[in-house]
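One chain comes next, on its own, written out as structure tokens in the form predicted on its own.
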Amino acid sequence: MEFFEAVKKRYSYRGKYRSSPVARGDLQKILEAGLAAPSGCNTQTTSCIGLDDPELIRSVGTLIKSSAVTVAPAAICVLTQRKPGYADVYFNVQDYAAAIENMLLAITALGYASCWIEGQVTGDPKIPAEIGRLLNIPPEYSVVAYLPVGVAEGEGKRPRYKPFAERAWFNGFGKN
């Protein structure tokens, strides 16, 4: 899929997934896309765990209270480390956000669907702690997001975007 087509087709899919597996090679490509994202001061604070073991996916999925977490055949746990880039400036949130967007675009380009799940992961500190225990994540890493990955069973609800002229301008705010 061409890049701009993937950008336009990407949306948060909250439906059911087909049972067909996600190829390990595709899952690796998605993870590599995430790790290729820019990182403030090259601190590389984002790490990821690809999940394709159905039992692990079920175990992690039961912890996350989201209708978007239906049993997808694969998933990605996004981790971060809080390290200063320079002085007392931290970029880990920007780093993992850029990594997630890269992965969501790769997921779309490969013909899969996903949804960025963060609030239902980080809203209760017990959830990331339990995911960390299940996946043997060292304490210096924080679980910050979960991306189910699979072939969509149906067409999901796509968002409507405001017109370009209401959100983007040239050479000054509100100028077109």
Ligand SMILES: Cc1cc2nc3c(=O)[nH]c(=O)nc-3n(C[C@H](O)[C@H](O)[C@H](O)COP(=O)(O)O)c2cc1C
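None of these values were measured; they are calculated from a predicted model. Residue indices: 1-based, along the sequence shown.
There is also a form predicted in complex with the named molecule; it is not shown, and the following applies to it.
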Given 130-138, 113-121, 51-59, 28-36, the stretch touching the named molecule in the predicted bound form at heavy atoms within 4.5 Å is 113-121
In the predicted bound form, does P159 come within 4.5 Å of the named molecule, counting heavy atoms only? yes
Across 1-23, the residues having a non-hydrogen atom within 4.5 Å of the named molecule in the predicted bound form turn out to be R10, Y11, S12, R14
